[in-house]
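Here we start with a single chain on its own, the form predicted alone, put down as structure tokens.
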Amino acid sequence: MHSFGYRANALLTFAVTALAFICAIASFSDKFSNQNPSAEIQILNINRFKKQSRGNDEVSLTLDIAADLQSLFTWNTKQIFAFVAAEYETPKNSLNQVSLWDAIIPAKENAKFRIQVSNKYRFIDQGHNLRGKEFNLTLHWHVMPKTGKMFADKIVMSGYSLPDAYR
């Protein structure tokens, strides 16, 4: 006969193995969900566009952000981290990204929204490269599951440009 310790070890090993297997299947099941998020971002106003005393360009925008991220929520989703970034090129860098707004979406009910907001974070270029610059606004999201691997994706919206002169 086996002692109590051997039996407890066997039971615990079986339980942990079964739990790991169930978590792996749960994580794998997210691959089959139909995800079709949508978003639209409009620039309502350029509040401020100036050159700082150190020579850097600074922009303040009022954005209208409409998004439907409800399809990203499954039974395994804990929360979604979403953020809007301005993306542009300069002679020095092929890709510059500046985060303008972010939010944590804790539930499916909060994943469909429309807000008008000034950029939460300062839109500053290290230099004076923003006058007349074309840029993209990109909605990025990171889905944080209850179990399994976190994944990220984005929607890129192009066709935005800044004025040729400071205001």
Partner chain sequence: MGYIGETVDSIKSIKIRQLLTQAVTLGMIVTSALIIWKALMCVTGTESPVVVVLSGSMEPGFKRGDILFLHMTKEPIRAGEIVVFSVDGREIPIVHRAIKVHERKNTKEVDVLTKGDNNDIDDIGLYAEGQMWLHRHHIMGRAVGFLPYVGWVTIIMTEKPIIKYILIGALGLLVITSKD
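Positions refer to the first chain, counted from 1. Nothing here was measured: the structure is a model prediction, and the numbers come from that model.
If you look for the form predicted in complex with its partner chain, you will not find it shown, but the lines that follow are about it.
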Given that its partner chain is not shown alongside this chain, does residue 54 nevertheless sit within 4.5 Å of it in the model of the complex, heavy atom to heavy atom? yes
Contact test in the model of the complex: residue 121 vs its partner chain, heavy atoms, 4.5 Å: yes
At the 4.5 Å heavy atom threshold, is residue 73 in contact with its partner chain in the model of the complex? no
Given that its partner chain is not shown alongside this chain, does residue 23 nevertheless sit within 4.5 Å of it in the model of the complex, heavy atom to heavy atom? yes
Segment assignment from 136-144, 110-118, 62-70, 32-40: heavy atom within 4.5 Å of its partner chain in the model of the complex: 136-144
In sequence order, which positions of 66-94 have a non-hydrogen atom within 4.5 Å of its partner chain in the model of the complex? 78, 79, 81, 83, 88, 89, 90, 91, 92, 93, 94
